[in-house]
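One chain follows as structure tokens, the form predicted alone.
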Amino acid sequence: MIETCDLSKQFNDFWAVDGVTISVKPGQILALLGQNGAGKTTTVRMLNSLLIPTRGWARVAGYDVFRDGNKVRASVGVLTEQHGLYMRMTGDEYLEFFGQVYRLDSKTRKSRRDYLLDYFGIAGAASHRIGEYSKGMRQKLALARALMHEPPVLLLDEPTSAMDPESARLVRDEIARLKSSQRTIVICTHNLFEAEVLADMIAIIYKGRILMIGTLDELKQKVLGTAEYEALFSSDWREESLNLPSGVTLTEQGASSLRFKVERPLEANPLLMHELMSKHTSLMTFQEVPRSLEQVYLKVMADAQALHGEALHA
């Protein structure tokens, strides 16, 4: 649904995006993570045919972003960080206007407008001017606008910013529901929890370049190494030799706990648990030691910044 190769954008002598190559399938969510100024928004603008690539190419919903700009924009719903809301309009008028822009018939416009206003909990303010809305209400209305024409691709820039926790959860649930309908979604976010919960693929971008891309499990393996599992016992562990499966290493031993590195968990963990229970019947829990996206992101960024600093001083 989204495919790019060497996608790049230069402003004067500055490369805002430099060689981005990604592929996102129908029904997948890609989270694009990076600092302010890393190139996330410029990438999204090229995917929406608002900026012409300096180098490389991109296709969205089967359309080339350079040659088929109108078809790309008709296939994409966009939530930008700066919403561009028309403050003198009411919520009703605003969605009606964009329904006309997307050439929806009057019956479809009313149906979509009523559904989205109700779903995001702002139907009661539909007749109020947008200038009277809170930040959270404006965010909801902007997301409703992006969904008005039921596009196959969504490009969302900080979709839950300025929202209270309940509203943010509602938006995350809606994004997950949209994914199940085979929509392809790209989320630019600083919210690592949001990316961890929603994304099928995660890309970390730094100074216009993709440093790493993959599933969360793939990134954990690449950045943090082999997964660790911990066994907890209801009584002290007796000193006994263990016949560990291939690819399993004992890394730490406590009074009532053992920790292992496991290279192939699906194959090794059943064998390891059987061995532990045969030697010690008080096994209480056996679980992976938590490793978060935050750990991955911070290490990748620290390594990139250190490398960049070395390059500047070279």
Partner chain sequence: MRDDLYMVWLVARRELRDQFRDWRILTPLLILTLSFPLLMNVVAKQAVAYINQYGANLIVDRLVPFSVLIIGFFPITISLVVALESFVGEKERGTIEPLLSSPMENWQLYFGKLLVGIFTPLLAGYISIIFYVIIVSRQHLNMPEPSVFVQLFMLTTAHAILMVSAAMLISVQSTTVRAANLLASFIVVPVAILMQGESALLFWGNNQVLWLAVVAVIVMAALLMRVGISHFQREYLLGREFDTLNLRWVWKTFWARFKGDAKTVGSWYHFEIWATLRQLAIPFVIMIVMAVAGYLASYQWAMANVPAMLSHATAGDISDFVKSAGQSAGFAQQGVHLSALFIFANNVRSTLLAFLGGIVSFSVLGMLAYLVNVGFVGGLLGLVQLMGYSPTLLFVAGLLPHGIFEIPAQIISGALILRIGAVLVTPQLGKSMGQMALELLADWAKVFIGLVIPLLAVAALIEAYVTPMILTAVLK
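Not measured: the values here are computed from a predicted model. Positions refer to the first chain, counted from 1.
FYI, the form predicted in complex with the partner chain isn't displayed, but the following is about it.
request  = Answer with yes or no whether Arg209 is in contact with the partner chain in the predicted bound form, where contact means some heavy atom within 4.5 Å.
outcome  = No, no contact at 4.5 Å.
Non-hydrogen atom contact Phe98 with the partner chain in the predicted bound form at 4.5 angstroms = Taking the distances in the predicted bound form, the answer for Phe98 is yes, it comes within 4.5 Å of the partner chain.
query = Could you tell me if Thr80 has a non-hydrogen atom within 4.5 Å of the partner chain in the predicted bound form?
reply = Thr80: contacts the partner chain in the predicted bound form.
ask   = Is there a heavy atom of Phe11 no more than 4.5 Å from a heavy atom of the partner chain in the predicted bound form?
value = Looking in the predicted bound form, residue contacts with the partner chain include Phe11, since a heavy atom lies within 4.5 Å.
ask   = Though the partner chain is not shown, can you say which of Val262, Ala61, Leu283, Leu50 has a heavy atom within 4.5 Å of it in the predicted bound form?
value = Selected option: Leu50.
request  = Tell me, out of Gln35, Asn70, Thr251, Gln287, which residue has a non-hydrogen atom within 4.5 angstroms of the partner chain in the predicted bound form.
outcome  = By the 4.5 Å criterion, the partner-contacting residue is Asn70.
Heavy atom of each of Arg88, Tyr102 and Arg129 within 4.5 Å of the partner chain in the predicted bound form = Checked in the predicted bound form: all three residues contact the partner chain.
message = Can you tell me which of 50-58, 270-278, 254-262, 25-33 lies within 4.5 Å of the partner chain in the predicted bound form, counting heavy atoms only?
response = Contact-bearing stretch, as computed: 50-58.
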